[in-house]
Every structure is written in structure tokens, then in C-alpha cells.
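Form predicted on its own, single chain, as C-alpha cells, below.
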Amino acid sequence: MKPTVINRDQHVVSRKQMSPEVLKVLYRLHRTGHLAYLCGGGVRDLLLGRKIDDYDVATDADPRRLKQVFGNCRLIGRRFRIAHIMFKGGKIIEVSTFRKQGEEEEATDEGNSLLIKRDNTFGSPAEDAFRRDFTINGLYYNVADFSIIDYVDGRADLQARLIRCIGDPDIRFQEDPIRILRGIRLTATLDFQVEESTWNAIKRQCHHIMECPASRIREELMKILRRQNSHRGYELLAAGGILEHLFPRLEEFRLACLQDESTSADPLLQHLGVIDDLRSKGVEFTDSLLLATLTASPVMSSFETLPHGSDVAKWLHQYLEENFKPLAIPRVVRSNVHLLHLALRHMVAEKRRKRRRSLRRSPLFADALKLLEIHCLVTQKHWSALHRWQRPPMNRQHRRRKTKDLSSRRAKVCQSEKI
């Protein structure tokens, strides 16, 4: 297939926008007689005027040849081999060989899974473009003449702000269901729309997501939560029927809230909306805090309905394990989420005075304070608790001086009353 070639004077991508490391990789491949294309999200984001730190390079050099060209090269990957070109300061440029659809991808016999397990069949630039996920990720920047090569009409979809699958979306999502989560992430982060046939295929094929390794699911899910517009990503997960596969307990709570006439609102969406507002002001969030915020509403609601005398910590541990363990959320993160929920419960309790000093000394106190602020902004309650915990603690010398002054004032009052 003949591509659309967008000459240098017809696009805004400039080498000045690229890092020195990626330019070194592109130039060396070009000098050694190989095709050297910047590809994928790097070209997409440069065309959108977005700042990027992650660059991918595609070439016709196979992995063994890349080891010969680059002394600072390390090959990784089982499903497909990728070269990591290592630079000082920990900077890594990822280089992959042009690939095409392998034999396992083309197996469409009824009853056979289309899930890709190996993908090391090398091909041409056109074949490489057509095996990518979405059209806006199928653009190439050619360092030889500074043009952009477009095999899949990606630039048109970029201008129309559309997420469109390359090829038959039902087949592509069965080949790699993680593409569903990636499409949701791109739609939310870029504030695009999903093309209709692609969206319908997402809803039909979303049950395949749990066939993927839990680590890949977790990685894409956390990218949705870490980036701006996470509330939009959550909306798409819920609307596409994906949330019920990832977090069945959260989906159950969400539906109950929507059916409740007294609320008829989704508190999970409200919590993520507050996170996006705070993030736009420069507030940073750890993974533990993001997951604690996601589960704050159902957990706090359950705290209020648990029978008197219940083992709150045990119930909370079981609830979080049911939600997070199937997605291989690291144990330390699950533990931190558990502690953040207990801290929030302690902080909003009016009569709970014990262990205040130990909580302030905890390394999780900053996250706990942010969680309390988010809870207050969503519920419009417990503002006095937030103000109380935001006040800096008094040191012992200040407390003694304050107590001494108070005793002195009381003594003067008693003396004046006697007179």
C-alpha cells in the first residue's frame, strides 16, 4: 500500500522538540544504512504539541543487528524482542524491528483463541503500521527527509480527535484485549472520542480483558488513574461494561448509588473529579492514595453500616483483597491503602483523641491528609476535622508555655474574685 507522505513544510514536528538521545539513535541507524523512524505515541504527541519523555523507534534492523550497531543495547521481551538503548542518567530509547502479523494472529478457526502469544515475525513498514492498535499511533517520522509517513489515515483521525482501531476492531481486541484499556486511556488523556465501530467492539469484547496477565492490566489501569482526566477514563470504563470485570464490588456499589433516589449520583466519579481538579493545581498523588480515593466512598459507607463490635480492620482487609489482589496490586500498596482508610476513619471521628501524635509522625500522614481533603470536598462534611488536622502540632515547650499562661490567667481571675 502506498502511504501518504507529509513533507516537512506540511507538519509541525521538529527535531528541536526531540531529546538528544533519540536523535542519536535515529542518526546512527540512518548512517549505518537502515530505515530509522520515530513512531507511535511520540509522533502523535508531537503533532498535538504535547510534551513527551517517552520515545519509540522502529527500524528494519533485526535485534541481532541492533546489538552490533549499539554497544549500549540490551534485548528484552518474550512476546516480541525489543532493544533498549541505554544512556547515562537512566535514559532509555526503545527500538523495535518492523513486524507483521504472525501465523498465530491469523488463526481464526472457531473455538481457537486469537490472543497473541508471540509476535516476532519481521515485516515491512506498511505491515508494521497495520499491526498497530489505533490509527493515531500508526504514524512514522522519517529522519532521512524529516517527513511523516501515514499508512492508516492517522493524521485525519488526529485532526478529527478520534480513536479508531486499525483493521477489524473485534479481531484486534481479541488478539490483545489490553488494547481496550489503552484505547480508554488515550480517549481520556487526549480528551478524544471513540469512533462508533471501535466503541461497539470494546463493549462486545471487554470480557476478554481478564485473560491477559494481571500485571499488564494493572499497568494500564494505573496509567488511567495517574493521568489527567482520570474521571473521564472511569466514565468510559463504566459505560463500556469494563468496570464490572476489573472491580465487581465497585461496580455493584456504583449501580446501587445510581438506583438510590436520595443520591442518584456516582460518588466514585466525584472523587476522581476532585483528584483531577487538585492535579491541575500541581498536587501529586501516590498509587496508594489513588486507589484509596477510588474505594473511599464504598469503604466509608460500609463503616457506617457495620454491626457494632465488628472487626473493622479485618473486614477492610478482606474487602481490599477482593478488589485489588486479582489485579496483582503490590502487597505494600494494598497495605498502604488499608492504613489510609483506617486513618481517614480516625481523622473524621469527633471524639477520637488517642494516637493523634503517632498518626502525624506516620510516613503516610501527608497522603492521609490529602484523602481527608478529597473526602471533605466530595461530601461537604467534616471540614472541622480537616482544619484540625491541618493545624501544625504544638511542640512540648509551646504546650507547657500555653498551659503555664492559662494557669496564670486562672490564678489572676481567682485572685480578683477574692478581692
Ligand code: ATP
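A residue's number is simply how far along the shown sequence it sits, counting from 1. Note that the structure is a prediction, hence the values are computed from the model and not measured.
The protein also exists as the form predicted in complex with this ligand; that form is not presented, and the subsequent description refers to it.
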Subject >> Residue (of 346, 223, 254, 279) lying close to this ligand in the model of the complex, criterion heavy atoms within 4.5 Å >> reply: 223
**OP:** Have a look at 271, 164, 341, 185 for me and say which one sits with a heavy atom within 4.5 Å of this ligand in the model of the complex.
**Re:** 185
Original post:
in the model of the complex, does each residue in the set 170, 211 and 245 place a non-hydrogen atom within 4.5 angstroms of this ligand?
Top reply: no
Original post:
Should residue 62 be classed as touching this ligand in the model of the complex when contacts are defined as heavy atoms within 4.5 Å?
Top reply: no
Original post:
Quick one: is residue 137 in contact with this ligand in the model of the complex, heavy atoms, 4.5 Å cut-off?
Top reply: yes
Original post:
Just to confirm, residue 217 within 4.5 Å of this ligand in the model of the complex by heavy atoms?
Top reply: no
Original post:
Does the 4.5 Å heavy atom contact test between residue 316 and this ligand in the model of the complex come out positive?
Top reply: no
Subject >> Heavy atom contact within 4.5 Å of this ligand in the model of the complex, the stretch among 54 to 62, 28 to 36, 357 to 365, 372 to 380 >> reply: 54 to 62
Original post:
Along 122 to 136, which positions have a non-hydrogen atom within 4.5 Å of this ligand in the model of the complex?
Top reply: 131, 132, 133
